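Both blocks below hold the same protein chain, though in two forms, and each is given as structure tokens: structure 1 and structure 2.
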Structure 1
């Protein structure tokens, strides 16, 4: 493809409203354009990347035995009404009416529609298992679209749904997808981790997220350096400290000390000259029950006050806390509630003498000579020992931090930022039971199909790849998803150079190599800058000087040095082809 005919418009500056590295670079490289908040055009260059990702996803889904279908994006309300999501989805659902005034919406996800398809098409256990997938545009009226392609209102997603006769079958289908997803992310050339995650409203289901590691990720994940353990920070645990307790200092008698005006841990730590890890950070939480157990009406208003104690250098993890309490939701008490519960100003809460339920994090429970508020304004208590000076239920309620021991044995945890690009989980019979998607079993009885669902954010992956693969000069695509394999840069418009460019392009194309030939009448600097920005993995430069000595220059995009490989013109196409094939794996 000749640059002059490819509708490639690069720019030195990005629009002021572009935010995030991938948004800026994709826009500057002329791959996408914003049409509205969370709504984008894909220009030819950007579309090529999107299609490459799609192709890899398709190939692996097909290889895993999934069947491709295409469901509508425009949906009558009745299906979501059937499962309660017509209202349950809230404002995220893009609703509209047709000319007759009937309710419709654009599909944000397709559990209902696929379940409807399955209940109509599948009658017998003989037809199961079945895995159907599609690559389709989804619509979600996000409260806050952001960062270009990372969080859109219209986006391309691959969604797959498996149907099985029982849990064991569903588990097997899920395993197949787990393997397929690992193959997909590996082939995409991305550094990712499969992590266990909060399974959300479904509760207790098997699920895994595929997180692509980038500094700009919205999610935090903890990864072990000595084992396979990896988990979303929402659910990550460190090894139980009680199993390998540190040497303890001999207990001292409890003392109350005057700490006038020192309410924050940093403050008191400086005042008492003690490390923050000796502190027992004591936070008053309110926990509600109900919604998660499905009995909101019975339990509504049932609010419990709990004092949560974690080490001073640790943070409470509210998701883990809610789980430990069996609560549907937990939130920090406001100032007044704290004062009511502790009898002291905020900043002076502590477990000693606290009246009410106390949850102690495992690490806080083994702190020796602990320091905490005295539940009396301007006083702290020191030399506290759990079990001796206060009682509390011990649980794992803190977020893990860098350096924590991995829970499955060897290794230390390190916290990374990640972008969720895929999520697989077992749905069970949640949708099939509600919608009557049943099959007749060998026993002649109708059973609900056991489902799983598996999503990949295809368009999000375009941006994710850029977030992970870029430098100051632009994008540096992994070869499997690069818009072209080779960026041919011809310098000047001399007949010899142009004709050599034309010949090399033709030779490469004949070998199945995708070539972008910058045939513009531009100065070398402009061409090199654009090549770096666009990020094609191999750059081949044809210049008069090189040509005179019979060579062209080959350089990898990621290589920041001035060095290049001099390829004899006669065998350049062969060598370049070899290099591309090697990079494609």
Structure 2
């Protein structure tokens, strides 16, 4: 493709509303354009990247034995009503009525529709296992679409669903997808980790995410430096402290001390000259098992008040807390609710004397001579011990931190940032049982199919790759998903240069190499800056001086040195082809 014939509009500055590295660079490189909040056009360069990612995903899904289907994006309400998600999905669901007044929505995910397909098409155990997938546009009315393609209201997703006769079969299907996903992300050229995760609103178990490591990621993951353990911070655990408890200090009598005006742990630690690890941070939470708004200042019937105790240098993990309580949602109580529950202002809550349910984190439960609020404004209690001075259910409800012991034995945990690019988990019979998706077994009895769910954010991967592969000058695409393999830059428009460019382009294209030729009548600096911004892996420069010496110049994107490889004109196409194929693996 020649630059003068392509729709490539680069810019020095990004629009004022562009946020995040990928949003800025994809916009500046002329690959995407905003249409509305969370809605984007893909221009030719951006679409080439999207299609390459899509092709790799398709190839590996097909190789794993999955069968491609295409389900509708516009869906009648009855399927989500059948499973309870019509109301449960909340405001994220884009709903509308047709001209007859019937309720419809745009599909945010397709568990119900694929389950309906299976219940209509599959009758016998002989037809299982079955894995169906699609690559299709999804719609979610995100409250705060942001960062360009990373969080959109309209996006392209690959979602697959497996159907098996039993749990053992479902695990075998899951394992095939695990292998396929590892192959996909490796082929995409991304540095990633597969981590244990929470399956969230979709339900299910045996959940794992594929996190692409990047400091701009919205997710945090914990990885052991001495084992294969890796987990999303939402579910990550450290080693149980009870297995190797520290030497216990002799207990001391409980005392109440005056701490006027000192309500934060940092203030009280300085006032009492004690380490924060001795403090028992006591937080009042509200927990509900039904649908709730998440606002602590509303009158919510049936909401349970819980005091959660963690060590002073730790933080509550609300995902783990909700699981420990069997709650659908937990959120911090407001000031009035705290005062009602403890009789004191915020900052002075504590477990001693608290009336109500108490959850104590494992690390907090072994703190000796602990310090906590006295449930009395401007007072704290010191030398308190779990089991002696207060009771409470012990559970793992804190977030792990750098340096925690790995839960599987060897190694210490390190916390990284990441972007979730894929998610696999076993759904079980969550949808099939509700929707009557059964098969007739060898025993002649109808059984619900055991399902698995496997998603990849295809359009999100365009942005994710940029977040991981860029520098101050622009994008640096991995070769397998780059819009082109080679960026050919001709310096000047004299006949010799243009003729050499035309010849090299033709030779490379004949060998299956994708070439973007910047044939514009522009200054070299402008062309080089655009080449760096667009991020094609190899740049080949043809100029009069080089041709006079019988060479063209080859440079890899990201090489900041002034050096380049001088390739003889006669063999340049062969050498460039070799390097491209090597990078493609």
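Since the structure is predicted, the reported quantities are computational estimates derived from the model, not experimental observations. Rigid core (definition): largest C-alpha set, two forms, superposition within 1.5 Å. Positions refer to the first chain, counted from 1.
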Which block is the form predicted in complex with the RNA? Structure 1
Identified hinge, 86, 513, 336, 415, relative rotation of rigid parts between structures 1 and 2: 415
Fill in the domain rotation here: degrees turned by the smaller rigid part against the larger between structures 1 and 2. 12
Please give the CA displacement of residue 280 between structures 1 and 2, in Å, after core superposition. 4.8
